[in-house]
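Have a look below at one chain only, the form predicted alone, in structure tokens format.
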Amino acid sequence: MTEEIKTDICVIGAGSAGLTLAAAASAFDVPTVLIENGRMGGDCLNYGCVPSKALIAAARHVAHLREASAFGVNAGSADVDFAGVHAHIRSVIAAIAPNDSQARFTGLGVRVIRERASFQDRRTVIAGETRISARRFVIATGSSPQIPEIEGLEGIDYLTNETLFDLTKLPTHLVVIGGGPVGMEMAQAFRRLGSEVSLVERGRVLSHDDPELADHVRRRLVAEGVALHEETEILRVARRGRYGVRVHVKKADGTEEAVDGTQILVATGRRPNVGRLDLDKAGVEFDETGIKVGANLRTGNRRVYAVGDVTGALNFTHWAGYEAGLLLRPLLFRIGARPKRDLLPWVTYTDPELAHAGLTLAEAERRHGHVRVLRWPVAENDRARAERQTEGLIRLVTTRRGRLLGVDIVARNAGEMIAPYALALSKRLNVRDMMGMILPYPTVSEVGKRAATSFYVPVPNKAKALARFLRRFG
């Protein structure tokens, strides 16, 4: 070893959680070492949230052009220059990258080491030629694409989110394996940009979302020309000619057929990055689902914590950042911190978007028994009619007394509309609070207020009687 470092906190992984933690710790003048073997910024900046949303934004412009004639605007058909789309994606990443860069974190006082990390023992990590001893270690190594065991797949040059955004030529026919958020978002985006798209899902698409709301997204993708194969098992894949691929599938009724395409995108979930860390030497328990942590994010080794995707709990960038922020409390102030999973919001960035916060309807019914469900359709909103974006609804789930438990929105820009409900749920607000909120007219967000107002419809007889009584006094 050429260097020995003794530090207070050693963070392994420079993705959302690791960067959040390192930046915050350095703000408190806490000596911090950050180890990253790959790209700074992790999966979100380089292979996930950022490039995918840049691609979706480009595809949405195509959709706007197609919709323009309904507004009396004839813009012609879209002419997609996919090399230009690729350049747009790269420019967005490049614009954000300085915030996550080694130079920035070095400037903050963090010692950044660009090597692979592994534990030597319960108190020591090796990174290249450096041995690091720390009071506390935090593992934030994230996750990687989960590749299913499908006959023939290894012989195909398939795509994942780690290679998809390197494409400079639009796929002629993209076959997407997996109907979760990533699969659905990419299926719609590539279809809008001009690819033929087939999506194969062994269950129903967006299975983690409520079927009622997910069906709005499902119907939109079908209407735009995405060929959905739900309840369909993949038997094997093979090359087809010089440039094609063929996916052999078995439908729910037992019939077999072939889905032909030119490229395959595998979007079947994530696996935690626990390999090569030598966690056994640190006394950290793990398995294929991730590192085992308690409710306080601590592993079996009291010096070692784990946050984000590597725990296998919730694969969201904002959740990883939230956990990292909470972890500062025990690391710096010896105050307990327990993540509140019930408050987690998430968004699927299709069009319409599908946004959720709080408990699902099933969770609310299981925990609270009788609940109230308040709906309001986007079609009855004035702004939505003006924009000709009338598909979707908002659904509020409350206790019998009206306290908010969960919110689901399916609508264009639902991801922006869910924000006040994330706050309302964290503050345990009720429908009366939402009714009292003054919103500018006309905005699509007014659908939430209308849904909250419906809690008091029909007006209770006691309230009517009180109004009658008070009228007697002039």
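Quantities reported herein were computed from a predicted structural model and do not represent experimental measurements. One rule holds for the numbers: they count along the sequence shown, beginning at 1.
What comes next is about the form predicted together with a small molecule, which does not appear here.
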Only one of 169-177, 112-120, 200-208, 239-247 has heavy atoms within 4.5 Å of the small molecule in the predicted bound form; I'd like to know which.
112-120
Exercise: Phe316 in contact with the small molecule in the predicted bound form, heavy atom 4.5 Å:
yes
Partner contact for Tyr349 in the predicted bound form: the small molecule, 4.5 angstroms, heavy atom:
yes
Examine Ala451 and determine whether its closest non-hydrogen atom to the small molecule in the predicted bound form is within 4.5 angstroms.
no
Is there a heavy atom of Ala306 lying 4.5 Å or less from a heavy atom of the small molecule in the predicted bound form?
no
For this chain shown on its own, do Met184, Gln188 and Glu353 all sit within 4.5 Å of the small molecule in the predicted bound form, going by heavy atoms?
no
Of the residues Thr232, Ser195, Asn381, Ser143, which one places a heavy atom within 4.5 Å of the small molecule in the predicted bound form?
Ser143
